[in-house]
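Taken one at a time, structure 1 and structure 2 that follow are two forms of one protein chain, written as structure tokens.
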Structure 1
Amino acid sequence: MRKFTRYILQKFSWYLLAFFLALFLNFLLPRLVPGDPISVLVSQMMSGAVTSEAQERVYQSFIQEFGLDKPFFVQFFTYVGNVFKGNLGTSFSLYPLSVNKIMADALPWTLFLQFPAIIVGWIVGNLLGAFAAYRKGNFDRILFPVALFINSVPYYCLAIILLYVFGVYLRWFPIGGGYSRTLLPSWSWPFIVDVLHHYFLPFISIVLVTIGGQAIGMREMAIYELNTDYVTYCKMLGMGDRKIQSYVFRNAMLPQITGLAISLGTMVGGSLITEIVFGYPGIGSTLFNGIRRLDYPLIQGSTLIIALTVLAANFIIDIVYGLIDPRIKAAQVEGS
């Protein structure tokens, strides 16, 4: 067990390092924008309506908040300090709303959409892939190209087409948003049904694309496993097919877990754009609005939250993986 603790600690320090790198990029890159974005923005957002004195006040408050008058590294520490205090700053475009508040409103929607969609897509995709590998024949011959095609349709293209066909053309589903504007959010049945109605299309479009990619990966892994020496040996010992299939499924599944960890970033990225297509009120749409209005604090807040969530999910996957795969455990033993 102490070995396992060490494994966790080791993984944790890696993710911490990755997080700091993400933090640094988050801090650095928007600062490389040429010119003085703040003055441009302040004048843009408050144009005409207020006195130049008021503009100057807002301008100064931004300068102070970001410590823009201080040396570079002081700015960085101010930034890191703020982030660790849980303060993501103030939005330019929705001044004086804090980025924290905007994120707190958006994040639950994103988690609610993406987490179940990715998990469902992952499970169904793996089952289909394994099935195609065992069954071969027609099932495989049809499933494989279909999965490959779905996998090559980008998330957002599928989303747009689903939205057009089922939302606009057939009118089966609403054409956007997380819930109807006419309803007030509450824990009432009509509202929940309404939310699920809005949920369906974005959910299914993420699920479908995830299934495609996962089925292909699993099929390959399972075919590979089916051709390994231990399968031949088990067969030569007269072991039944069911038992052998259970071995193969398990062993092919394990790399798929790491596969999930690695492709999670891409999946989340794709799903964020899916949100934009459906106007779903999550981080993706927030980010999109931030980009359109050059709201740097909002952009930074969104990318940071995305990076943090993906890193955390990866860390959890790593721990789960370490718990269940003896190949890793044995490697730890060998390594020590």
Structure 2
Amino acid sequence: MRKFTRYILQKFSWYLLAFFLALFLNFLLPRLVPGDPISVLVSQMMSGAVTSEAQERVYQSFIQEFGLDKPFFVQFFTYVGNVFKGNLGTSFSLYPLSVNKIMADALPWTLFLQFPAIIVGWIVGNLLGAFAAYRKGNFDRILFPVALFINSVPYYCLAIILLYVFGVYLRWFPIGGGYSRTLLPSWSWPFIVDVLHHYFLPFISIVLVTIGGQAIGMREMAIYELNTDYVTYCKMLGMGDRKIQSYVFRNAMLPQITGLAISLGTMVGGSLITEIVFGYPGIGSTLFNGIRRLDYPLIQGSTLIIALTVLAANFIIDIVYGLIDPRIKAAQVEGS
């Protein structure tokens, strides 16, 4: 137990270092983009017959309010302090809305879209890949090229194809948004049905690509495990196929679990283009709008959530690996 605790602490220290590096880059990179977002904000708010002196006064007041008149490192440490207080700042482009409010509105949409799609795609893809490796024959010869083709299609290409065929040409589904603009968000059946109607195309575009990738990965790992020495040894001992398959499946699943953890960790921003194509109101679309409008706090809030989910997912999978993978347990003993 002491060795495992030390293993966790070592991992945590590395992830903590990665978090602070991500925090610095999260603050720095938006400010390297050319442009002045405050000028855009002032011009939008004061369009019309307004004197240049009045615009300058408003400009300077916003500069002071957002703390952009302070030195770079003072801004950075102020930002870090606010992050640890749970304050992500105020949006430039959607002033005076707070980034916390914008993220709270956008995050549920992304989780609602991404989480079920990733889980369904992961389960179906792994089952198909394992079945193809065991059965071989015509099923494998058909599944592998189909899965390879689907996996080779980027999310956004498949999204555009589905949108054109089923949204524009056949008109079976809406072409954008999370729900109809004529409806107000509520827990009523008409609104829920409308949300699911808008939800189907972006959901299925992510599921199909996920199934293709997981099926290929599981098939390759299962074939590799089926040809290892321990499988041959088990067969020589007369062990049943079901028992051997359970060993093969467990060993082949380890990389797939890693892939699932990474997919779950990156799901907040993993299908950015898919959300943009369908106009889906999630974190991806919010980040895109922040970049397009050079909205520093909005970009920082979106990328910070993405970074946190990626680091948390990888840290959790390291803990799980330390518990279930005998090779890591052996390394812990050797390192003691």
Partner chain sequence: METLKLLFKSPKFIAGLGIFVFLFLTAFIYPAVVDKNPFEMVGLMYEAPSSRYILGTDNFGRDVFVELIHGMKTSLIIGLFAGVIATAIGVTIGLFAGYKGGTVDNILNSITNIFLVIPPFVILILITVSLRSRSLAVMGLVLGITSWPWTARAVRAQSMSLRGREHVDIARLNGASVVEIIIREIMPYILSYIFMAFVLQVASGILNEAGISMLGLGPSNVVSLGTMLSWALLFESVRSGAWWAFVPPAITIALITFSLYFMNTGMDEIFNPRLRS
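Since the structure is predicted, the reported quantities are computational estimates derived from the model, not experimental observations. Only the largest set of C-alpha atoms that superpose within 1.5 Å between the two forms is called the rigid core. Please note that residue numbering is based on structure 1, beginning with 1 at the start of its sequence.
K.L.:
Between structure 1 and structure 2, which should be identified as the form predicted in complex with its partner chain?
P.N.:
Here the form predicted in complex with its partner chain corresponds to structure 1.
K.L.:
Core-aligned, is the CA shift for Y247 between the two structures 2 angstroms or more?
P.N.:
Yes, because once the rigid core is superposed, the C-alpha of Y247 moves 2 Å or more between the two structures.
K.L.:
Superposing on the rigid core, is the CA of Q75 displaced by 2 Å or more between the two structures?
P.N.:
It does shift by 2 Å or more.
K.L.:
Inspect the rigid-core superposition and answer whether the C-alpha of L304 shifts by 2 angstroms or more between the two structures.
P.N.:
False for L304: its C-alpha shift is below 2 Å.
K.L.:
Can you give me the Cα shift for N314 between the two structures? Core-superposed, in angstrom, one decimal please.
P.N.:
The shift comes out to 3.5 Å.
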